[in-house]
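Take a look at this single chain in structure tokens; it is the form predicted on its own.
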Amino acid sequence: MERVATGVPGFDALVEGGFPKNFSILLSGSPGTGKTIFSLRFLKEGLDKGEKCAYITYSQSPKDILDQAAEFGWGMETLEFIEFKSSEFEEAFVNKKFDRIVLDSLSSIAVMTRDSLGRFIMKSKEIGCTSILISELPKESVWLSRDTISEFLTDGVIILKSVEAAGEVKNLLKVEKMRSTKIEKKSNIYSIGENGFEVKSYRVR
């Protein structure tokens, strides 16, 4: 199976070298856990390889997103942005062709339904696109996304959490699901530094 490298240091080894091509990946976490940074690095990897990439945004301006990328020295001037209203959710791909996309975020799309999300994911696969769908996740939630449905429709699920233990805050990443991929359901410590998002080489249970 063809794999799509994310470019995130330390991550691809957890999923046999990268996301399976054309898969849709749910990236869930509470605010401040690094969802946007992870996603931008995924897009940067594609741009560096000459791929066509897009950031579909509902609530952030393209300038704000590019400014965040610039903090890590990532020039992403060729990244395409699609801004849409919730009524346009199913039309985001009309006459479009991309290799990678990020949808930010599912939590912002108030009128999303299981059917519309399913059609969105199906359309992304039809155009040969590998996608990350960002979702906010309340800290105490028993679900894997705020909408409680996207974890069932997507091909993969990654959970980001910040936990405090013995007065120390640790950032934890867990690959909860990845079809066609051997994974270990263990949490991995990650950090966010001047070079962006980095998964450490050791795990915690």
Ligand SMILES: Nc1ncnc2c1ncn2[C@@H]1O[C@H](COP(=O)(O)OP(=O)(O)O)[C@@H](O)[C@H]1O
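Position 1 is the first residue in the sequence shown; the rest follow in order. Predicted model only: the values in this text are computed from it and were never measured.
This protein has a second form, the form predicted in complex with the ligand, left out of what is shown; the following refers to that one.
At the 4.5 Å threshold, heavy atoms of Glu83 stay clear of the ligand in the predicted complex, well away from it. Within 4.5 Å of any heavy atom of the ligand in the predicted complex lies no heavy atom of Gly156. Remark: Lys44 does not count among the residues lining the ligand in the predicted complex, judged by a heavy atom distance of 4.5 Å or less. In the predicted complex, none of the heavy atoms of Leu172 sits within 4.5 Å of a heavy atom of the ligand.
Within 4.5 Å of the ligand in the predicted complex, a heavy atom is found for every one of Pro31, Lys35 and Phe72.
Residue Gln68 is the only one of Gln68, Ser180, Ser162, Ser59 with a heavy atom lying within 4.5 Å of the ligand in the predicted complex.
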